[in-house]
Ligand code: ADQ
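To begin, one chain is listed below as structure tokens, in the form predicted on its own.
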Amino acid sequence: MTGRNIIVSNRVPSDGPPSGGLVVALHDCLTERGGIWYGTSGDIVDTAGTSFRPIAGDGYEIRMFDLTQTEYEGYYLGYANSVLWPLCHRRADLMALQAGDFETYLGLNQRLARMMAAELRPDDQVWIHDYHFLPLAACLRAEGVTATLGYFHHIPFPAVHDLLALPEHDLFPDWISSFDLFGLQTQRDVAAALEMFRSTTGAEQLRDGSLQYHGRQFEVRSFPIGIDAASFAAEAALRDGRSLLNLAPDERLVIGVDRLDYSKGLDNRMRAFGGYLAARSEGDPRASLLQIAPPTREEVTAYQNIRNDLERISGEVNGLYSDLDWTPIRYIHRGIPRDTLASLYRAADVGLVTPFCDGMNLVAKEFVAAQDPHDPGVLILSQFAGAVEQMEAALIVNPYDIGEMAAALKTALAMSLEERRARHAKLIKGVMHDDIAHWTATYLDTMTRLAAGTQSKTADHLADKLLGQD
């Protein structure tokens, strides 16, 4: 018999009904199965606590804990988002290594582990999310926790040569091997993780594909995350996105939706759109780029820099190509409600998804789900987005090649209805099948299998002891 379902994430849904694909999926999982959700409250306090603040969820329990100002600066802004985030996104040059941040990051994970260890049971299945808690399994094991521990890494796994730039890179194998299941978005990420272990003394890949390191056997597997595709498609059809933008009847729309982050390739995207406008001939359609980029981590210098760059580039392009009745780039630096976004995706002729590095990129899947299958738009997708492994029918581009992206825009805007329908049919089939419910069920089924195997081994060990064979 399996134990409770436990989820750990940086934040818990404590501010009203859950929103966002991942949060809704985890909420639905716990509502259906029951369990506990651990995470930070978002509040800053003077003194670190030693226990959780419980609140009631919808059929499950929520355990919140507060961060101190030192933890917020060192654990969250510092090591997690100024070191691990750029490291995993192939930007080791942007790592801001500050004395004390690693100790604060590790200390937070140790504090959380102590509090959780007092509540966990041996038959629990614990699903830990993202880079904020990479050491958490090792910290829980140090507290004597024997429950099945799974992890999902929502962002790319760092390349071995980038990982060497991290002063604590030698701890990664121990952190990962402390989990029973280490989940990644893509096969490319799995290959990067396996390459790390191949270069680690004492690591071994077993015949069944699992890994063994320092006496622990564990699995590293790909679980590509999806969206609630059917719901998003229905939502997209409820409103006319073109009327929201007051587009001229013959005006074409290119859309990009990304958090304001240097990994998203927004600067080159705007330059590529400017390149399309510069090369546009008299017969080419007039198109506008709607770039929605909500702010994030504004306290981090690298994010301030990319915001300044985008404001400068969009201003330059608009200054060169605007007309009295037309502004080529509409740059919105704030969040837009999900239902509005869905209708804007549906109104777009092109979805421009061109990150330099991305774990998956759900915008690509949302764009496809939102399209009218009878007259769909075209997805232009970076070869470095995790989604590219599942979305080969998109127009694939190199986000560092501005000329190639400008040419792809010209191709997409001129593409025949027959080809657009054929490409969309292939894309929507995968988006609908590999949705968020499939991702959740696949991961948890794997956790259950591993938990059953652990229990079986424990039973065999006890039987051997009773028979005097151990």
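Position 1 is the first residue in the sequence shown; the rest follow in order. This is a predicted model, so every value here is computed, not measured.
Absent from the display: the form predicted together with the named molecule. The rest refers to it.
- Although the partner is absent here, residue 269 lies well away from the named molecule in the predicted bound form, with no heavy atom inside 4.5 Å.
- In the predicted bound form, residue 345 approaches the named molecule with a heavy atom inside 4.5 Å.
- In the predicted bound form, the named molecule sits within 4.5 Å of a heavy atom of residue 338.
- In the predicted bound form, the named molecule sits within 4.5 Å of a heavy atom belonging to residue 361.
- 366 is the sole member of 366, 235, 124, 189 with a non-hydrogen atom lying within 4.5 angstroms of the named molecule in the predicted bound form.
- The single contact residue among 85, 182, 262, 276, judged by any heavy atom lying within 4.5 Å of the named molecule in the predicted bound form, is 85.
- Using a 4.5 angstroms heavy atom cutoff to the named molecule in the predicted bound form, all of 154, 258 and 334 count as contacting.
- Considering the named molecule in the predicted bound form, the lone stretch of 171-179, 141-149, 388-396, 250-258 in range is 250-258 [heavy atom distance within 4.5 Å].
- In the predicted bound form, the named molecule lies within 4.5 angstroms of a heavy atom of only one residue of 202-241, namely 225.
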